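Look below for two forms of one protein chain, each set out as structure tokens: first structure 1, then structure 2.
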Structure 1
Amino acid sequence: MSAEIWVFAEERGGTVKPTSWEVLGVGQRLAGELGKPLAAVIAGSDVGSAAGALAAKELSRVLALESPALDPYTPDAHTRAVREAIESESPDLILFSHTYRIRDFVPKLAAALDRPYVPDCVGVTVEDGQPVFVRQVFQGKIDARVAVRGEGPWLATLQNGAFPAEDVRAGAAAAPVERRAMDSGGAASRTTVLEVFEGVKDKVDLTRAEVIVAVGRGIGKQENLKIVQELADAFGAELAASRPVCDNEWLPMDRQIGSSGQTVSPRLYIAVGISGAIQHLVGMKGAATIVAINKDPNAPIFQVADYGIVGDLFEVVPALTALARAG
């Protein structure tokens, strides 16, 4: 049997994470193009129900790596379990989603195996029987094509939201689930998890806002925020921000939009001086209409915007405020 393609799926509370379906869709396509069988792999202390959900999809098998040592998550235990499985099964290509957990242990795994690691990809094609990846460099301003050298397994992660989860095909019959009790002995995890907790509950709920004016580091300094507050007031909008604005304590944390902030889908989102890093985009690209004001024509925010002004926000914002006030 030719070596498999693996899709590493993640679950929380028994449910497969949405990003894992995105990766599975890509895995199914590549399995077809490369003519290789596809397996889904999942790791945890009790992954039965997630494995069942995966088995309903078009793939040749589900490999469930189970051990009490895998819960709570630590990079040592996860690396050990997945590494053991890889070394005994020798897959060719392993696809992951670029989540916080994957970023935490898969680079370690790749270094331990000494195999190529291509993180945060937005495209994968097959050329001469090998995968070629596209990933963004320079904060989304430039795309790079990446080829892998040497033998498999090649490890790659896919950017969250870059591929549609709906592409996953159901299988004709349930795929077999192979449960592997992973060795929990050996060197114990060096990390001890003391506590897992939810941060301060959002004081300001931006998820219900109809119109949001969001400000980024382009505003320069805290004193300049006045002009975007005025714009927000004129539009009857809530004021929100990118992470650096909150990191700098120019606005409170609960105004942050993005992967580590709130996810919003207002009717109108006006991004002022925001570059459009992926971690910001995931929090706002569901907005019905997106307006971007940025002086850099190559800023990635323009890739998701419906309307844009390439210009200096210090000229544009007051002018727009005046128009909005006049109605």
Structure 2
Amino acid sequence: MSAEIWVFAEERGGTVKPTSWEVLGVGQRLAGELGKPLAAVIAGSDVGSAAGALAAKELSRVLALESPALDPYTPDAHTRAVREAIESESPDLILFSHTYRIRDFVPKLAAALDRPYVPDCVGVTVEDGQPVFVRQVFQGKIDARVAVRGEGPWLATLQNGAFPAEDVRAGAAAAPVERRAMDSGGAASRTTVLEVFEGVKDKVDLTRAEVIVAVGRGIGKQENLKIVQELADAFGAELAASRPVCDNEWLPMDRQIGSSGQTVSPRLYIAVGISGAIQHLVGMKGAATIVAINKDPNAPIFQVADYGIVGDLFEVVPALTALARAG
């Protein structure tokens, strides 16, 4: 059997994190193109429920690494457990989502394995039977194509929101789940978790939004945000913004889209009064359909838009809102 491709799935409270489904969709595509089996790997103290959800997808198997030392999370324990599994199974490629937890322990894991690590990828292709990763550098001005030399395993993280979670295919039958008790001993963790808490409980996760209405500096002043909020409400959308709006504190920072904010890929993205600086485009150009409203016909946003409306947003937005409410 060809060496496997692994997708590492994160879970919280017995539920697979949404970003893991994005990575699983990429893993399914790569497994088909490379002709390799695909396995999902999950780690925790008791991951039976999340493993069952993964098993419903198109996979060769689910490998559940379980140990009391894996909950609450510490980088040492996760590195030790995943390293043992990799050294035992020898997969060719392991894909991770680019979350805070993954960024915490995967560089350590790659160093421990002495294997290549390609972080924060926004694309993956196959050339000459090998994966080629795409990373954005210089704040998204350039796409760097990264090919890895030597034998696997290779490790790569995929940027959150850069790939559609709906690409994940369900399996014709449930994949087998292998629950493996990991050794809780070995080197002690250097981290002691005293408390687990949410840093910002009301933070908006725009990566899960199906429809987003984003507003830029063209809105003029904070008092004018009302008309854009009404458009978002009419579409059942989340309200987001480019960096200038958030820098002026007209909207909170968790509403910012772009290289220094969130990366999103909704079904519909409506950009209102956004010129389209590259720092913003890297955060939203993966949207399925992009509608741009701007009075400048030469605004860069029109280069990525599927539909463009050249006009005064204070006339166009209320008209669109009325149409949305009527329809």
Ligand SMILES: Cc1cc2nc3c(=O)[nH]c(=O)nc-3n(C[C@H](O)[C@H](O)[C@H](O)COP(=O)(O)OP(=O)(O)OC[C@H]3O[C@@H](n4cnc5c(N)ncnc54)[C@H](O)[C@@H]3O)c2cc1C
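These figures come from a predicted structure and were not determined experimentally. Counting starts at 1 and follows the sequence of structure 1. We call the rigid core whatever largest set of C-alpha positions still superposes within 1.5 Å between the two forms.
Two forms of the same chain are shown on their own. Structure 2 is the form predicted alone.
Core-superposed comparison between the two structures: the CA of residue 80 stays below a 2 Å shift. Taking 2 Å as the criterion, residue 119 does not count as shifted between the two structures: its C-alpha moves by less than this amount when the rigid core is aligned.
If you fit the rigid core between the two structures, you'll see the Cα of residue 103 move by less than 2 angstroms. Core fit done between the two structures; CA of residue 253 shifted by 7.8 Å.
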